[in-house]
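The chain that follows stands alone, in the form predicted on its own, written as structure tokens.
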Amino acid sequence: MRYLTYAEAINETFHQLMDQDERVVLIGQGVTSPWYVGTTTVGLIDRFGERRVIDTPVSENGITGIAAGAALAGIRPILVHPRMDFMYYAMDQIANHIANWYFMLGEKMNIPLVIWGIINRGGEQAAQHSQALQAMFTHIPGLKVLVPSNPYDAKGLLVSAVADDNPVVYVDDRWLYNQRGEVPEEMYSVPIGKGVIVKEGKEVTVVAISYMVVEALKAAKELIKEKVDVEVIDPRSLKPLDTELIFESVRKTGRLVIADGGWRTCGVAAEIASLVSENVFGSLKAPIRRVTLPDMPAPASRALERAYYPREREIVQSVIELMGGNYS
């Protein structure tokens, strides 16, 4: 088995998808610029040309409408928003049109559009360039929302997203771009809506989203020293969500921590906590804990960023508190 970085896995997937199907096009701001999309699109424009790798003006609402129209016409666009913050400009297109058309057209017309939203948190980028909006799109009926956490899933979920006949929001976190992992060279898909247990355990379930999976695995390793056996679940998909996988784990462990790099109020962690409370409340031995961003905008100071963004330590602290102990 060979190893690729997360960014290399995405790049390879684009090359393979576009080579396999001429209907697949990449459209968006900075699709040829490392400043916008890192190394994820290297070589695409040289290989496939400007008709299929389309670098657009800065007009989020306009290019989202163009991509939506192309999808209705039979193209399979991958639309990149290189900073997820500015997807707010396209919310009319996404929430009022793209998410609804399949249903409003009596399920007789599909819209095979992948909306690739990149989170650029940290690096002193402050409040307008660091937002993680996965909960916003999970809330909207008619959209699927994917949150890969490793190179294998980055490739497999992107293949599944492009193959899907209706809109998929593919949420990509640049903090993962240098993560390395096993990635087959051949094309393969990871099923949408199927989570995975990335570490088995018996005492506490940690459901972690996107880059927080990496932090949760570090925390689980640290917690071995505290003699706490943690199970880590990566949902991979927020909508549809693999609820039964989570429920079964909580039935076994009786304790739940949810780690998400989005805001706390009305976030993904809140939704998962609610689902567990509604369905397997009797299995809980302790209150559910959430490890999330605080309900405040991202700071620009590097020192404040260290306090703002949750990491391994916050997960360890939450687990230890659930177990009735203290962590120093």
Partner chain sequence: MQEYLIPFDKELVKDIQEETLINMYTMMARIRKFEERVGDLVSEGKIRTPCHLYIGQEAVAVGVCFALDKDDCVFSTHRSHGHYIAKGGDIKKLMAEIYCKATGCSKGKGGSMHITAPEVGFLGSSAIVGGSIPLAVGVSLASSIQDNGRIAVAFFGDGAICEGVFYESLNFAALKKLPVIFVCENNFYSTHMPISKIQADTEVYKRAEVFKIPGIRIDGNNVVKVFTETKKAVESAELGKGPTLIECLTYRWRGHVGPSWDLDKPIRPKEEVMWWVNNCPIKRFEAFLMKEGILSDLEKEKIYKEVEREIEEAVKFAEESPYPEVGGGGNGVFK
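Because the structure is predicted, anything quoted here is derived from the model rather than measured. Positions refer to the first chain, counted from 1.
Here the subject shifts to the form predicted together with the partner chain, a form of this protein not shown in this document.
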(message) Check residue 97 for me: does it contact the partner chain in the predicted bound form (non-hydrogen atoms, 4.5 angstroms)?
(response) yes
(message) Using a 4.5 angstroms cut-off on non-hydrogen atoms, would residue 75 count as touching the partner chain in the predicted bound form?
(response) yes
(message) Is it the case that residue 265, even though its partner is missing from this view, gets within 4.5 Å of the partner chain in the predicted bound form, heavy atoms only?
(response) no
(message) Against the partner chain in the predicted bound form, would residue 54 count as a contact residue? Criterion: heavy atoms within 4.5 Å.
(response) yes
(message) Among the candidate stretches 223-231, 148-156, 125-133, 99-107, which one is within 4.5 Å of the partner chain in the predicted bound form when only heavy atoms are counted?
(response) 99-107
(request) Note which of 276, 298, 37, 68 lies within 4.5 Å of the partner chain in the predicted bound form, where distance is taken over heavy atoms; exactly one does. (result) 68
(request) Could you tell me if all three of 60, 63 and 143 have a heavy atom no more than 4.5 Å from the partner chain in the predicted bound form? (result) yes
